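The chain that follows stands alone, in the form predicted on its own, written as structure tokens.
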């Protein structure tokens, strides 16, 4: 089982302006993005006080200012939020149909697309990290040279002792082709220690017929720790020594499915950083995911993030 050199966490990705439907045709403005959601939830867990840095680029407009202010006010390290004068933050709107959601995006001028354009800046942003979290969306918004630069910088950070977690989070519309997505993700897996895929993504992109096939494919890429999310189905985990499954507890009063996987990642990774074994950390991920499902938008309201110290670990089936 892998061990962390420290609990200092760095998440790299895009934050966007979120317009989340709250019912009756009204929307609430906030900020969200998959890697950002994970980082934000990790920093809010009561009692843990995890040091979390979010690495991105935003504009110099008032909404970008508001994002940086909100980031700092919620306890995250914003020292590597770069500012780009001629760019803005991307924007997306969540449209709900019952509890299911669809997304509308405006992100062509997103400053985050430039987050890996400066080698030295990017390398400095990762220094001292025990854990670095990246997603497939982070890769997808970058041009090919920037993807390669990010991956090589992650490789350097790993040589310095950091571990890398990766959620492929496949969004086909962000990729020019399935082949381009597979090529970039394959390269990313070479620097991944903890993989956090969703089975529906893996089945669609790679043709996996079961979560067990996903585990075997990622093990062949030398990924040390693998957690396959599967909606309301059982979670499959490989901890480096054994394969197990944990059932997914039903969630009552679901309001919105946005951000459920990101919140799971936050709970799982926080529990791992606190020393829980992978099979036990799943329960913390599920509690975080269930909580975000009961609220509108991709993040749990401030002050309502659950205390993971009270979570009872699962004893999963082999």
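Positions refer to the first chain, counted from 1. This is a predicted model, so every value here is computed, not measured.
Note that the form predicted together with a small molecule isn't included here; everything after this is about it.
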Exercise for the section: With the small molecule left out here, work out from 106-114, 226-234, 204-212, 187-195 which stretch has heavy atoms within 4.5 Å of it in the model of the complex. Expected result: 226-234
Problem - Full three-residue contact with the small molecule in the model of the complex, heavy atom 4.5 Å, for 171, 249 and 262 - result: yes
Practice task
May I ask you to check whether residue 254 falls inside a 4.5 Å heavy atom distance of the small molecule in the model of the complex?
Solution key: yes
Handout entry: in the model of the complex, residue 286 touching the small molecule (heavy atom, 4.5 Å)
Key = yes
Practice task
Report whether the minimum heavy atom distance between residue 293 and the small molecule in the model of the complex is within 4.5 Å.
Solution key: yes
